[in-house]
Every structure is written in C-alpha cells, then in structure tokens.
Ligand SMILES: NC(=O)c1ccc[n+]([C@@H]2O[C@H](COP(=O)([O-])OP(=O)(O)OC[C@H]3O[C@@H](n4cnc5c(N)ncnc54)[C@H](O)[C@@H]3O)[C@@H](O)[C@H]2O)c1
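A single chain, nothing else alongside it, follows as structure tokens in the form predicted alone.
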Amino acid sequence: MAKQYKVGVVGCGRIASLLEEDPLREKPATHAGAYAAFPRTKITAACDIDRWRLAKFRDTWRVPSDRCYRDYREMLAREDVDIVSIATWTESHCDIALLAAKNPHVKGIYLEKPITVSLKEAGRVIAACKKRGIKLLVGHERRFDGNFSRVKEIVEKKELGALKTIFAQALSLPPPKLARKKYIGGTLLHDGTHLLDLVLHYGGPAAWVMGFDKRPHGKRNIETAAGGIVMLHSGVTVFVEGGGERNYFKFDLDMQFENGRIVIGNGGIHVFQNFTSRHYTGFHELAPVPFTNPRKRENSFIGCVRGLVRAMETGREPVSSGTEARDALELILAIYRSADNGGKKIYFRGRKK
C-alpha cells in the first residue's frame, strides 16, 4: 500500500483554505482542499496567529485541537510531518521555510508564491532545502493546468511557428497606500509572479528588461502600476503590465507566433491561425480555430500536491521548483529597479549582449 504523507499547514487564510467557499472557483482551490482530495496526503497539524481562522480550519479539515498551534515554531518542534505547506504573508516565507527545513521529518515544502521578498532570502531557502534533500515546490499552480501545459507543447513543437511576442497582463483595482519596505510590491509582485513565471516557462530566460512604474503615494509605497519590456535570450519580446489602476481583474498572456496567436488566462483560451485574407488580396489574416484540448486535465492544486509527492519519491526536482520561482522574482525585482532608475536597461547574470 502506498505511503500516506502527514501534512502541517502554516497559515490558514485564503489560499490555504478559505477560497474553497467561493462558489465560482474550480475545486479544490486551496492547499488544504488539494491535500484532502489527494488520497496520499492527510493534514495532521495546522498553525495560524488568528484564532478564528485556526478554529475554522480545524473544524473544516478535522484537525485535532491539540495539533492546532498559534506559533509555527512550536508546531515544527513538536510535529513529525512529512510535508509543510506555507501559506502566509510573503515576508514570513523565508523564516518559516528555513525552520521547516531543519525538521528531520520534513521531506517536502509547498511554499505559496512569491517565493520570498528578496533574492538573498530565496537563495537561503533553496540552499537549505537542497542541503537536506527536501523538495521545494512554489505555488505557481498554472504550471499544472492541462491547458497551460498544452500551450507549452504548442510552443516547443512550433505548431504555430516560432513564438515571437508575448503581451502579459495582470490587471486589478488600485491598491491602498501600503509601505514598500514591508510589502515590496503590488499586483506585479503578488499576481504578476504567476504571469512572469509563465513567460519564462514558455520563452526561456530573460536577457534584459526596461521597467516603468506609477507611484502616486510616493516612492516609499507600493505602485499602482508597473511593467516594462523584457527581451528573452530566445529572441522573444515581452510587454508586461501589472496593476494598471483598473476597476476589474484581468490575467492573461497574449502569445503571438509566426503563424498564429494564443490568448490564455482567467478568461479561458482562444486560438487563432493564419489564413488567406478575405478582405485584402495577397494578404494573410488570423481567424479563430478550435483549441485542441489536452489529453488529460487535472485540477492544478491537486497537480501541485501530486508533483511534490512525486519529487519526494523520485528525487527529481518538481515542476515549479524554488529555482524557477526565484527566476520570476528576479525579473520582477529587476523591473522595479529599472523603474527606480528612470527605465534604465537591466541585464541579467552579467550578459550585456
């Protein structure tokens, strides 16, 4: 009989559990929901500084009261869990992950995105997990969605020709005035991390970036909009925007190929292909075509858990690894740094050609 892994969840809020109450979202929609749906994992411990959230989590997922904690240090000292889920504010990720990596029983960590608030912290977390052989998976769950995986296949097989340009947007309501020192960034960081993780997943590593931002509350506070132009080493050009002061939410990638176009995001997926123009002699235009559905589609949160367990058992790096999440963070921070310097071109890893 296959081993069942014990899970400890740190942080019992929205992405950990509460989003299961959203009637419109595909289920499961949280860490806890995925563990409950995946037969080889069982939540045996939980922690949150908020009494109400902790009690609600306890009752929803049937966690024993004596295994519910207000301090993650106490939980990690007392519990012999195999997997630790970290679904707390980003600024706490590093400290919790480093302590989890010291627990001799822990074999895997499911860390919510963004990985940390700095490249230095990300490096420390990745190194600590590597030293102990712990598998680290960061919650860029779209990597496990069958539609996004099918698009990756289209890119790699050049079914629409070579990928040329990506327009990537994560648009949202203007945020309140929040200190940059604590929160680091706005939508570009906290939702845009999904966006730029996918950009790098499809197009490969970044060569350089030129960034912009809008900070009506001043430089010491997070932006209302940020973005820029990114050139990938593959030659793909990326135009990215996060925030944007919109009164709606929009998340998508508009991917333009030699012979077609794919728009994929929270609004679904739309595919266009190159045909002889019906309007202009000698020209070609794009027209919508059906999307070839993936052979297999699994809920993306269950995919995260399954992927982490598979990595723990095979010794291979999981999809959406800590290193890949660090690359997305590096790109976001470079956009901010470029914007702080008047849009100065920022090169990656010392390569300036």
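Numbering starts at 1 and runs along the sequence shown. In this text, all values refer to a predicted model and were calculated from it rather than measured experimentally.
Form predicted in complex with the ligand: not shown, discussed below.
Contact with the ligand, judged by heavy atoms within 4.5 Å in the model of the complex, is confined among 161 to 169, 176 to 184, 229 to 237, 90 to 98 to 90 to 98. Checked against the ligand in the model of the complex, the candidates H194, K107, R261, H217 yield a single residue with a heavy atom inside 4.5 Å, and that residue is H194. Exactly one listed residue, out of E298, E317, E313, D50, brings a non-hydrogen atom to within 4.5 Å of the ligand in the model of the complex: D50. By the criterion of a heavy atom within 4.5 Å, A334 is excluded from the residues contacting the ligand in the model of the complex. Among residues of the shown chain, Y72 is one whose heavy atoms approach the ligand to within 4.5 Å in the model of the complex. Remark: R14 counts among the residues lining the ligand in the model of the complex, judged by a heavy atom distance of 4.5 Å or less. Although the partner is absent here, G139 lies within 4.5 Å of the ligand in the model of the complex, judged by heavy atoms.
The partner is not shown here, but in the model of the complex the stretch 111 to 127 reaches within 4.5 angstroms of the ligand through a heavy atom at E112, K113, P114.
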